[in-house]
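Same chain, two versions here, written out as structure tokens and called structure 1 and structure 2.
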Structure 1
């Protein structure tokens, strides 16, 4: 559905995208992740037809983005990071405006269906100016879907939302997949990606660092990590001594929690515990965890 090859984008002397390549299959939920300023929004704007690449190929559906005159030529639904609406209009009026602008007629059934789907049926006649951020985000998704596109592009759809609002947005994204839609969404909230995505693309400083199915990426990067909470905070000297133990490949001390990456779960776990016992260091907790997407992201961006 989306094929991007060696995509470059320059703004005068600033080289924002430096050869991005990505592939999104029909029916996938694709998570496009990276730090703020990494090039996510620039890429999303090109995918949505709002900007043309400086060079490279970007095919969305069957359209070459560099050859279209207007974004409406693409059969997509697009939600910008911070959607704006006329505050004096109601949710129903906004969707009605979008429907009638394309077909010159009102489709009350379709509008009510979309408002119900995003959970705004009870707020259909309320002025959008009084909506919360989460309600506006859900209305934004409804506007992106009102013309029933095959591809849905969402730029930071859960950014700045509270946990309940993020949960609502993730539910809607999952529903889109069940409806047969292809979804691309950018985010820096990695736990959201891990919950719903089929494939992940990681971007850093305008370059695609890796692109793989989420399950494959996690499987390849399963590294056992022990999280240790001591009764007294660990100092730099203790951290350095633990790094010197056999089988320990990495040690981090964040918020008084020691995180030790090991090569052998059983042997190195016993070795760690024995070290703390020998040093007479009181332990509050000693837990084994597996790498999550955040750990993998840090490894990939920092070159492992």
Structure 2
């Protein structure tokens, strides 16, 4: 659905994108993450056809963004990082105005449906000049989806939103997925990425450093440590005994939690479990430590 190869973008003196390559398949939810100023918005502006690449190829849907006459030829829904509206228009009037670009009739039903979908039905007749940052963000989401596009690009959709708004955005993205839409969104909230994304792209200083299915990324970054809690706190003797088991490289006992570093997560895990069972030690919990995306992100961004 989206194919980007070796995308470069130079502003007057600043080389913002230095070779972005990304692939988004139809129906995929793609999480785009990277530090402040790494080039997420710059990339998404190019994907939306609003800004021109300095070099590289960028196919969105079936269209090459360098070969279009007007951004709307891409037929995507786009939420800019900081959506701007006419302050002297009401939320309803703005949607009415935007809907009219592609259909002649006022579609009152559709507009009201969108407004209530983003939770603005009570503010529909108020002028946007008086809206809070989060209300504008919600209206921005409504405008991105008003034409029911196949590809949706959202630049930090949950920024400025309250906790409820944030979970609304996640619900919305899952809804879009169910409808078979393709969604690319950038965010700094990595737990959101973990909740809804199929694929993750991590960029740093204008380069794509990792692009993988989320499950693969997590699997690759598993740390081979088992955290074990026993019914009776382990003593030094037990700790020493475990250390002598085959495959175990290190054992720590902190706050009654045994942490065993292993060489082979599968075989050594079974061996550990076997040992506790043989010794008739009651186990409260036995868990392979998971690296969360936060850790992976920091490792990737700083390590490469």
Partner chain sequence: MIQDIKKEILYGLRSYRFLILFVGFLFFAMLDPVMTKFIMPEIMKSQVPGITQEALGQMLGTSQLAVMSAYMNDIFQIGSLIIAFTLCRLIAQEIRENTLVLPICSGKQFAGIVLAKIIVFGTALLLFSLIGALINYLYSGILFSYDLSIISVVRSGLLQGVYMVFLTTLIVMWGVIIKKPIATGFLTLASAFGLYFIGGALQIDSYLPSGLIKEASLFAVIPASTLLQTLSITVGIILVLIAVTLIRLKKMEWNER
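Being a predicted model, the structure only gives us computed values, none of them experimental. Note that the rigid core is defined as the largest set of C-alphas that superpose within 1.5 Å between two forms. Numbering follows the first chain given and starts at 1.
Only structure 1 matches the form predicted alone.
Each of the two rigid parts keeps its shape between structure 1 and structure 2, while the smaller one turns against the larger by 65°, per C-alpha superposition. Taking the core as reference, the C-alpha deviation of residue 162 between structure 1 and structure 2 is 3.9 Å.
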